[in-house]
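What follows is a single chain, given as structure tokens, in the form predicted alone.
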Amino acid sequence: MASLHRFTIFVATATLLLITAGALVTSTDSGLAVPDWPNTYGHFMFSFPLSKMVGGILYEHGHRLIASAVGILMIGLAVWFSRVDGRRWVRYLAWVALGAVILQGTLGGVTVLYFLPTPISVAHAGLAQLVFCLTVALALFTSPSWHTGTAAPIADRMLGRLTIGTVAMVYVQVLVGAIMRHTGAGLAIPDFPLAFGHLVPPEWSWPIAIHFGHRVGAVLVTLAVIATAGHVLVHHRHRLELRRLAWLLIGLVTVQFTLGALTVLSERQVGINTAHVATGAALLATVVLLTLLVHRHRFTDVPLSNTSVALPETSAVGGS
């Protein structure tokens, strides 16, 4: 199981690299640098000459190569889970992750063939985030701490609601950000922190509405993350695994908010814009990890000795 855990972490890392490469394609407007699919200018994907991988072709074709590698890794991961993991729901989840990767690749191809239609492009971006979260979850499910299940369960309903709500808010924010990128609304409001010199835009259009909605969402997500992390640090500070994730969440949301501001102020500088997308993925995955740990007692592989522990709703110290 230890080898499978390490391999799952590797696949999760590769998936984050794939998201970063996809963000680089969008940030450089290279989505149609290679106009055909699944071939690349008539070449089989893996036989395309390296000497021709320049400019936008480098970003788009490189993205395809990374996606293919992740697909192959995911096949190996699903087969490995099927052979060594005795938990049916985990094996099923591994195959769901593989199916999601296949669908992700298909959406990427359709995006190119139909000249970057916004709904398909947004679905492509949103599904990528889900695939990453699935691989991160699988890494958690194969970790020694999850497997042994020695920690007492966390019967804190408030924290349970906070984590689920924060996951939903972060994912919606990711989707709104994807809509903003794929509709060219990234600079619809060119100043920050004001909007055309006002707190609220004095004029409206679809791009301005999407952009402003993303800004409002950033504030709401930041508040939700701080509330969730703060609850952990106040009521469950003795749980090291939760405390670490809480501080990581605070750090990530701070970096993410800063990158969002810098994206506007730098007029969508490629490196900053790409880092903003990648950090958003890391933030979402970290919230998912915290949510899974908080709801650990709900999974069928939790030891029976842990399920019998009853805790108060927001216990600060009492056995949570």
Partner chain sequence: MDVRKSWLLVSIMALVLTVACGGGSEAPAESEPEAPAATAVDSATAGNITGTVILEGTPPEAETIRMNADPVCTQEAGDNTSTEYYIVGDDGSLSNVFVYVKEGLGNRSFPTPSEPVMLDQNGCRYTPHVFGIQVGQTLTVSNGDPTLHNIHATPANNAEFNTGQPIEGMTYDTEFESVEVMVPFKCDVHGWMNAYVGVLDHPYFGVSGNGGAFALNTLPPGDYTIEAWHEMLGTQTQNVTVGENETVEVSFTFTVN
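Residue numbers count along the first chain shown, from 1. Just so it is clear, the structure is predicted and the values come from calculations on it, not from any experiment.
Heads up, the form predicted together with its partner chain isn't pictured, but that's what we're talking about next.
Student: So which stretch, 270-278, 56-64, 252-260, 291-299, is the one near its partner chain in the predicted complex (non-hydrogen atoms, 4.5 Å)?
Tutor: Correct option: 56-64.
Student: So which of Trp247, Trp206, Phe115, Phe196 reaches within 4.5 angstroms of its partner chain in the predicted complex, heavy atom to heavy atom?
Tutor: Flagged contact: Phe115.
Student: Using a 4.5 Å heavy atom cut-off, which residue among Ala33, Leu265, Ala282, Met45 comes into contact with its partner chain in the predicted complex?
Tutor: After the contact test, the surviving option is Ala33.
Student: Where, within 211-244, is there a heavy atom within 4.5 Å of its partner chain in the predicted complex? Residue list please.
Tutor: Contacts from 211-244: none.
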